[in-house]
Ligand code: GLT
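Read the single chain below, which is given as C-alpha cells and is the form predicted alone.
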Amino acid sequence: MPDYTPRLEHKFSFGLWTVSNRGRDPFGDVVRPALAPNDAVAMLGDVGAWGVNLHDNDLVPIDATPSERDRIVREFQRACTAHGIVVPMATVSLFYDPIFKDGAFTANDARVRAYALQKTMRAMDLGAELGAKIFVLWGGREGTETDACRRPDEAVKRLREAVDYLCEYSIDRAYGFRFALEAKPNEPRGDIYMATTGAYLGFIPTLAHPEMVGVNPEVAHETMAGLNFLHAVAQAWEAGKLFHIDLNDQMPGRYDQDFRFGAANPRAAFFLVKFLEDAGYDGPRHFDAHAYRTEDYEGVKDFARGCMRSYLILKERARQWNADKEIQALVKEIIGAGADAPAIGKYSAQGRDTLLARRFDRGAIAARGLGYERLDQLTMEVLMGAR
C-alpha cells in the first residue's frame, strides 16, 4: 500500500493567510475565530507540513512599533523551531491597505509608489530574518477599471523600475533573494496589467537583473481565465524561471475560488503533478488555498491534510502511468512516428538541402491514426484506480 504521509522532503508549504483564513467573503462575515500566527505554525506542524509562508502583515501589523515588531518576530521564530517549520518564501501585502486603491508600484501618485517600495524593502528584511530565499511579488491592484487613468505602457515602465530597485536592494543587503512574479487576469481590479505567466516571461528579460527574477504561477489564476495551467508551468520551467508554484484548484470562468488542491479538476492536477515530478522540480510545493467556509479549524486541518494527500496520491498515479507497459508502448509508438524524417537540429547548408529535397506523402501521413483516444482512456483508468 503506498504511503501518503507527508514528509519534509516533499517540501509542502502553506501561507499564514491560507490556514488562518476566517471564511469571510463579499456576501458574508467571518465564520472562524482569529488564528494567531504562532498557532497556525503549530497547526502546520501537527498536519505534517514542511514550511510556512507569509505576507509582512500576516505576521506584523502594519502599524506595529519597532519593538513590537521585534518581539513578534522572535516569538514566531521560536514557534517555527518548536514545531519544525521553516520559512521558504516571504511576500508583501500591496493590496489590502486603502493607500493601494490605485495600485502600488504602478499607482499614479508618486508617494504611493515610494511607500510601496519602502514597505517591500521592510518585508524583504523580515523575510531574510526568517530565512526565506524566495520573495514573491503579486501585483494584486496593479491594474485598472478604466484605461483613461494611465497609459498601460507607463505602468509597465513603473513596474520595471520597482523590480529593478528591489533587485538592487537584495544585492546591497546580500539577501540572495530570487524574486517570483505572480500573474492574475483580474480581481480585485477589473483588469490586472500582468494577466498571465506568459506576460511576465516576456517582461523579465527587460529587467536589469533578469537572472534574479522568475515566476510563481498559480493554478487558480490561469484557470479562472480558461487557460491551461500546465502549459504555463511548462513554459516557465523550460525558460528556467519556475522559482515557486502556488497549488490550489479552480473552475474556469469563476471568481478566484482557491479550492483544495485537486478538488475541482483532478485530471488537470494529475498532469501537473506528473510534470513537476518527471521534470525534477525541487522547489516548494506551496498550497495557496482556503478551506470551505463551512469548516471549523478541525475542518481546516482536514483541508491541509487533503492538499498534501491529494498531491501524493497523484504522484503515485504518475509513477504507475510511467511504469504501465501498455501505456509506455503506446507512447513509444506515438513519439517514434516518422523516425525516417530528415533531422532538423541546427541549421546547416547540408541539412537545408536534404530537407528541401525530401518528398513527403501528405496523404499517407494524414491518414494515420494517432491513438490518442486509447492513450487518454488508459490515462483515465490509471487516474481512477482501474489499472
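All residue numbers are counted from 1 along the displayed sequence. This structure is a prediction, so every number in the text was calculated from the model and none was measured.
Below, we refer to the form predicted in complex with the ligand, which is not included among the displayed structures.
The stretch in contact with the ligand in the predicted bound form, judged by heavy atoms within 4.5 Å, is 87-95, chosen from 87-95, 67-75, 266-274, 114-122. Although the partner is absent from this view, Glu218 contacts the ligand in the predicted bound form, with a non-hydrogen atom inside 4.5 angstroms. Mapping the unseen interface onto this chain, Trp138 counts among the residues with a heavy atom inside 4.5 Å of the ligand in the predicted bound form. Using a 4.5 angstroms limit between non-hydrogen atoms, Glu222 is distant from the ligand in the predicted bound form. Using a 4.5 Å cutoff between non-hydrogen atoms, Asp256 counts as a contact of the ligand in the predicted bound form.
Using a 4.5 Å cut-off on any heavy atom, the one residue of 1-32 that reaches the ligand in the predicted bound form is Trp17.
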